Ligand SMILES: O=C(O)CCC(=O)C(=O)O
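The data below hold one chain only, encoded as structure tokens and taken in the form predicted alone.
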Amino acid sequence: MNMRVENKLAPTSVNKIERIHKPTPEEFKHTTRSYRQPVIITGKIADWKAFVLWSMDYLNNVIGKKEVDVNVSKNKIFTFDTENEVILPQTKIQFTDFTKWILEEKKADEYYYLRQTPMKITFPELLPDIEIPSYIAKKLLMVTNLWIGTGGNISPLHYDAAKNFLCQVRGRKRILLFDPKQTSFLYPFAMNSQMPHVSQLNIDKPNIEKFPKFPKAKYIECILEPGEMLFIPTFWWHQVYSLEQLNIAVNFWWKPNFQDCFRAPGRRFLLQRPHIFLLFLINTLFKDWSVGT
């Protein structure tokens, strides 16, 4: 699919992702228009120990033969089979065997991705090597995840019901982002499905007959370089392509603003999980849910 940025953005949409170097929290808030627009922050990850230390040898020495869960795919698309509407399986593997598989670039019928793995639970020994971004109040942090994989891995088009910092440590990622206003063109699965936050589309090979509104969708694109962190606002759709043989990232999910849930596709989320609405309301009344709102 030949996806071009030029002349495909709605006038009211973001037309580029700005890069800002070590902004203050107030500068970050201003640039993102109170956490509503994506931005790439440079300079911060270079201060992490991980940025210097995280070679395969280092990770093998620290983590060793610990058994970890990795997702399995036949085609490097993780971790949803959108055609059959199923969540793809996981398998357990020793960490050193997983890294050996990456380094040897084995050609096989199965591909692996250590994805969305909570570090506090699975890799607490690596937590001293990273820093929680200063833009997140500690009470707002939900989870810190580790991602390790190879070039060619794809996380298909989806949104998250949280603010997100995607921090690139090794390799690069190509990311396509769609404003929540584009939801009606992106065909999410039904609210009662296993994957209500995932698009039914294969946007690289779209079936226009089945999904005729998709050509109207507008998007922006970026390449996230090592040492950069991308802020993805709540409910922004994104598809992520891993580049290079070794690709390592850390992401931080943090609590959304109350107002975010009244914008598409936030309304879908609240209809599916009304108890979350009550939690939002309680936390907002006590002013504990978010900062700057």
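Keep in mind the model is a prediction, meaning the values are calculated, not measured. We number the residues from 1 along the sequence you see.
We do not show the form predicted in complex with this ligand, though everything after this point is about it.
- Among 111, 123, 80, 147, the residue placing a heavy atom within 4.5 Å of this ligand in the predicted bound form is 147.
- Interface residue among 182, 199, 164, 71 relative to this ligand in the predicted bound form, by the heavy atom within 4.5 Å criterion: 164.
- Partner contacts here mean any heavy atom within 4.5 Å of this ligand in the predicted bound form, and among 42-50, 235-243, 60-68, 23-31 they occur only in 235-243.
- Remark: residue 257 does not count among the residues lining this ligand in the predicted bound form, judged by a heavy atom distance of 4.5 Å or less.
- Proximity of residue 253 to this ligand in the predicted bound form: non-hydrogen atoms within 4.5 Å are present.
- Contact annotation for residue 158: at least one heavy atom lies within 4.5 Å of this ligand in the predicted bound form.
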